[in-house]
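Next up: a single chain in structure tokens, the form predicted on its own.
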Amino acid sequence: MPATHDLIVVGLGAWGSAALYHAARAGLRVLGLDRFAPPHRISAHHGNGRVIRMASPEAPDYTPMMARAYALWHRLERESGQTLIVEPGGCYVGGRDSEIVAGSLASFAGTDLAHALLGAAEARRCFPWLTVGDDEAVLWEPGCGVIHPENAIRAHQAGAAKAGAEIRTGASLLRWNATPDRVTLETAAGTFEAGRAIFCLGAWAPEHLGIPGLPVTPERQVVAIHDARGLQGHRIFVAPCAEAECVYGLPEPGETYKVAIHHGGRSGPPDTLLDQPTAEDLALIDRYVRLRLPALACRRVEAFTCLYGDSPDRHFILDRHPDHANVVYGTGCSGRGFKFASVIGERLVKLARGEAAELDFFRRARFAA
């Protein structure tokens, strides 16, 4: 008997909902499964804002990939009738030779993307809300923006459903197995079969994929939302942080401003990292608010945690299962995967269909050594 679906997408967060959308638009009989009902606050896709930018200090491979992501996000905006992205612009602060500044500047090489490198004095004149040290510079990207993550996930799911996708929530994954022409998934909501499957399980990927040594480490991060009514002309910023990779902030709807530390969080089994922010967590964020955003005055209105799934080199892991050619997976978001969700969903579906997907840079084989 033929399988009920052409493709099943397991996990409907940022990447999974995008994959579901692209699969349905490609005309596949597709089913999406999730143990919760995304968007939710269990993983890393919740809240009112994520930074979206062309600057890619991590590697030059990301800048052209980001161009495709922007095009797909704007298409989703047109189809859904929603504004998902606003572009207040972003300031990348640091020494001229730092990864934040020099790496971001290098990613603009050979492009026509608007940007400007400002010395400390000029940056203070242009951005009086932001503290810039005498030995620092600011790389300004006017197209740097904020994408609404929960609305984006809803838009992808709605677009997928409109194109014929079926969605089942409350479907905790119990076990799965695959043969060359079929993938069978046993869940709390029943058993489902398809010819192919895509798993987008974030920090839970090692627990369910059965790939020995899959190098994904769950990491707990803390986010603080502040009353921003006293902060005039504020934009996005990214700056050095002694305790982690960086500290960043972005304006969000309702005259609020999000500040968080990027990396440096506590690691462990994912279900043990869903606790509430501690006084120590918030004191660290408050210190950087006072340092970089003195006008914000630490008027915090909300704080919560999110859960990264980190790869060792902080690059995504997008690949085919080593034992099952009809099983594809995406994990290792490493705290910066949301802005790429639109294009990653598209490429995971291409990989599952056996098409060219431009994912060689993200293969798991790079960790073999």
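Numbers for residues come from their place in the sequence shown, where the first is 1. Only a predicted model underlies this, so the values are computations on that prediction, with no experimental measurement involved.
Absent from the display: the form predicted in complex with a small molecule. The rest refers to it.
Out of the stretches listed (237-245, 130-138, 167-175, 116-124), which one is close to the small molecule in the model of the complex, meaning heavy atoms within 4.5 Å? Selected stretch: 167-175.
Would you say all of 35, 200 and 204 touch the small molecule in the model of the complex, counting a heavy atom within 4.5 Å as a touch? Spot residues vs the small molecule: full contact, yes.
Determine whether any heavy atom of residue 258 comes within 4.5 Å of a heavy atom of the small molecule in the model of the complex, and answer yes or no. Contact check for residue 258: yes, within 4.5 Å of the small molecule in the model of the complex.
Exercise: residue 221 in contact with the small molecule in the model of the complex, heavy atom 4.5 Å: Residue 221 belongs to the contact set for the small molecule.
Considering only heavy atoms, tell me if residue 317 and the small molecule come within 4.5 Å of each other in the model of the complex. Although the small molecule is absent here, residue 317 would stay clear of it in the model of the complex, with no heavy atoms inside 4.5 Å.
Would residue 30 show up as a contact with the small molecule in the model of the complex if we use heavy atoms at 4.5 Å? Looking in the model of the complex, residue contacts with the small molecule do not include residue 30, since no heavy atom lies within 4.5 Å.
The small molecule isn't shown here, but in the model of the complex which of 55, 327, 307, 343 has a heavy atom within 4.5 Å of it? Residue within 4.5 Å of the partner: 307.
Would you kindly say which of 182, 208, 148, 263 lies with a heavy atom within 4.5 Å of the small molecule in the model of the complex? That would be 208.
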